[in-house]
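Heads up, the chain below is alone and in the form predicted on its own; it's given as structure tokens.
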Amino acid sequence: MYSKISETPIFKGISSDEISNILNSTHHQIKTYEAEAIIAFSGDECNNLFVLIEGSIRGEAIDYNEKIIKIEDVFAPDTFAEAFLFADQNNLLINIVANTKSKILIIHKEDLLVLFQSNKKILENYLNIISNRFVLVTKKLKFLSLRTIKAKLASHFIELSKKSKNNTIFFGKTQAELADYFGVTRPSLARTIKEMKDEGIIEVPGKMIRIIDYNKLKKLIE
């Protein structure tokens, strides 16, 4: 178990033996949640650091039309909801639900503060996590400011292409998952992809996306 915990961002660079010593002297809980179990509700105070050791969880919100919107999936090993922990208003804004059977290490913030004082590496890791989350949220806000589905797809494809050596990228999500991610219907998304294909901007060989005209793709965002 300690080897899995050592792979999480908060314990990055700390050996399994050292983690064992840390947790043996720190009050903590390890809880297991079955698939679709509610881990925390929107509105709950966040007073704990959650470290996902096994499984996958998701954050989801309910809009004004009572539609459930998936915000993000988190896969082990990782942490979640850490940005709320030391906020003045530390109430969660989303429900946290287990996608699969999941095992979570839980450390109360008062115990975490003690760890920060005794272990500089854990403090550095936490600050790194918070900083990376801020960058992701900023990118997400920029993405959500794009008004059309085409612009959102173009932004998504360009972002994926940065991780590719050529203009062929793996379509990492199903159309249904991508529609949920964009907050649009699946038919609307499929229609937009077809339009981009017909306009010679992309090709769709199987589960891949090949960017044909990068300049046109960029203009969709502009």
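Residue numbers here begin at 1 and follow the sequence given. These figures come from a predicted structure and were not determined experimentally.
Note that the form predicted together with a further copy of the same chain isn't included here; everything after this is about it.
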Give a yes or no for N119: in the predicted bound form, does one of its heavy atoms lie within 4.5 Å of a heavy atom belonging to a further copy of the same chain?
yes
Taking a further copy of the same chain as it sits in the predicted bound form, is G183 in contact with it (heavy atom to heavy atom, 4.5 Å or less)?
yes
Even though a further copy of the same chain is not shown here, does I158 get within 4.5 Å of it in the predicted bound form, heavy atoms only?
yes
Classify I221 as contacting or not contacting a further copy of the same chain in the predicted bound form by the rule of any non-hydrogen atom within 4.5 angstroms, answering yes or no.
yes
When a further copy of the same chain is placed as it is in the predicted bound form, are I53, A76 and I96 each within 4.5 Å of it, taking any non-hydrogen atom of the residue?
no
Do any residues of 97-136 have a non-hydrogen atom within 4.5 angstroms of a further copy of the same chain in the predicted bound form? If so, which ones, in sequence order?
E110, L113, F116, Q117, S118, N119, K120, L123, E124, Y126, L127, N128, I130, S131, N132, R133, F134, V135
